[in-house]
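Only one chain comes next, encoded as structure tokens, the form predicted on its own.
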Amino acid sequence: MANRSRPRVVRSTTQMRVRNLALGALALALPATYALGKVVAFDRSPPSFELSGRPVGGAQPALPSAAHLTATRITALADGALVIDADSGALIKTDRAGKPIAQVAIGREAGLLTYDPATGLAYVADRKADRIAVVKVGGALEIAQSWKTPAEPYSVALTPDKTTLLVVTIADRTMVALDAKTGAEKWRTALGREPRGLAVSPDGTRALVSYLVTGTVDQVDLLESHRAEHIAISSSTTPRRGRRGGAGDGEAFARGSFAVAFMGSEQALVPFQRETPVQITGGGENTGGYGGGFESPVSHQLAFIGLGKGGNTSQVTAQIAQHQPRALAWDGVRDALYVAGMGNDTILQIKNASQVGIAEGLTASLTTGKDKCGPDGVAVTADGNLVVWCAFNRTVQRIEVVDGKGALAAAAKVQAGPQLVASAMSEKQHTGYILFHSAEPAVSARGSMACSTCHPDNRADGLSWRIEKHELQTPILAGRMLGTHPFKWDGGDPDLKTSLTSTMKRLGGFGLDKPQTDALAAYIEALPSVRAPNRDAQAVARGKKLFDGEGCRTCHDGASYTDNDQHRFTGTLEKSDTPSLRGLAASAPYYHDGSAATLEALLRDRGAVHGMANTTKLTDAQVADLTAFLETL
């Protein structure tokens, strides 16, 4: 571990821009990046903060709100912090210096938490055990109650009066409302695919849920209907002049939103990735690169959403330099917003965040020497400073952004605490974990993309990318990579390490060395399978009988439901690899080109690929049963 005794000081955004220019010059000095023989050249680095239109805020700042209204991985305590580590599954209490005081086991891959300082109770999502752990927070940490939830709880938040705990579940795609004292269910409502972020408005009228793959944020009525209404996240951006085609020319999609937060009751913000999987270049097509264009097909953005009365909404987006913005927090007292980028280890301050006079503030690096942070949570302390959870090295960093008079400071001081808990991964897997989420020039041109860019939470972005003149669907990785060779949709890569190397070439990276490639493969191969949703047991049994009787096991058999072979079908590829069916409920759209939007469309032969099976004779009931079985794999 690096020496953490001396705090680092980041003077100003201007100095950070100078530093970024220097890094850009270093990137230009590196060997030319390539993608299957074609040089990839990106025009410029992303802006630190660039609005695409008029701010949605007003002339006055929004009123501050309580921290328990937003799901988070770390929360500030009066005497330190409380954090839930997804790696080890430990809930940890620290002092102000980031040193551990108490710890209790929750479960590996744990979700997020919320905390009620009045009762001293923390509510923590145990993602694998389908429960909420209610923990007494004092000198020690003690699990007081365990409440059962639908499959795979992830986000939790309290209503303003603290009588109701809202829980968002991933596998069952449900928001459930629980009594905050007893855990008894009050109501539930259906959500879309891959929900993640959760926040409640200070007036208690609604909750917002963000998603990894839908391009929307859901607004859930908490007072009457409890129904979720979709709000599309704008994927527009400021026009870029003097570019050769570029990501701004094709249809773009909002993806990878892990968080959402309110600023007051009528303004919210959602960090996301803007992805352009099929670029229209106007010139020659970069057949080796992702998207077909010659610049990065992904940018990182914030959506500022105005939530007016009568269901009216307004929206403006801002492009930011924080790669994979997975964590954010708002200081309502000073109207300062903080957004942390896991991919490039930085945090951005936005001043006057809820007002029309919104402006860029400080940018701070969270890397200590060679020790990357990997920010996966940020919280505002009572004095307006920050605590950041570093998922890569499992430390809490304290960032001082407020001066002695309580105003925003001209410089940020970063102080990292000690490692709090050991990783549950092997050393090689942990190295691969960091590589998987890091935006590095070795992986992609100028570090514009990471593995987790297209595979958020080790899954998929739900898109089909233009690669070598084909539209190819992003496959999920979790639980599908061990023993499922060959790889790529045409089966052209015989093993995982070869596949990783060819992917980095397509991304324009200059390549990882052999130990790094081994580590990345070790991490990916160890990923657990995607959780299956709960389905009617009788329907699943009938579907399994159909699966066995209709010849599906001819190609999809064994533990991973694949024959490790290629087959000829109609479509755009000469041969298609047999994919694993593990995690099928989370891997839409289907076929190599993503032409079947749902499993029902696939079973009714409505995709661009034909000849796989004769399913036209199946009745509606049989299609429903077979779908239910496939979703449990």
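Don't overthink the numbering: it's just position in the shown sequence, from 1. A quick note: this is a predicted structure, and the numbers were derived from the prediction, not measured.
Unshown form predicted together with a small molecule; subsequent notes refer to it.
Asks: Exactly one residue in Arg255, Arg446, Arg326, Arg480 has a non-hydrogen atom within 4.5 Å of the small molecule in the model of the complex; which is it?
Replies: Of the listed residues, the single hit is Arg480.
Asks: Tell me, which of Arg173, His455, Arg535, Arg531 has a heavy atom within 4.5 angstroms of the small molecule in the model of the complex?
Replies: Result of the distance check: His455.
Asks: In the model of the complex, which of 419 to 427, 83 to 91, 299 to 307, 463 to 471 comes within 4.5 Å of the small molecule (heavy atoms)?
Replies: So the stretch in question is 463 to 471.
Asks: In the model of the complex, does Ala613 have a heavy atom within 4.5 Å of the small molecule?
Replies: Yes, Ala613 lies within 4.5 Å of the small molecule in the model of the complex.
Asks: Just to confirm, Cys451 within 4.5 Å of the small molecule in the model of the complex by heavy atoms?
Replies: Cys451 belongs to the contact set for the small molecule.
Asks: Any chance Phe547 has a heavy atom within 4.5 Å of the small molecule in the model of the complex?
Replies: Result yes; Phe547 sits at the interface with the small molecule in the model of the complex.
Asks: Using 4.5 Å between non-hydrogen atoms, is His68 touching the small molecule in the model of the complex?
Replies: No, His68 is distant from the partner.
Asks: Flag this candidate site as yes only if Ile524, Ser576 and Leu584 all have a heavy atom within 4.5 Å of the small molecule in the model of the complex; otherwise mark no.
Replies: Spot residues vs the small molecule: full contact, yes.
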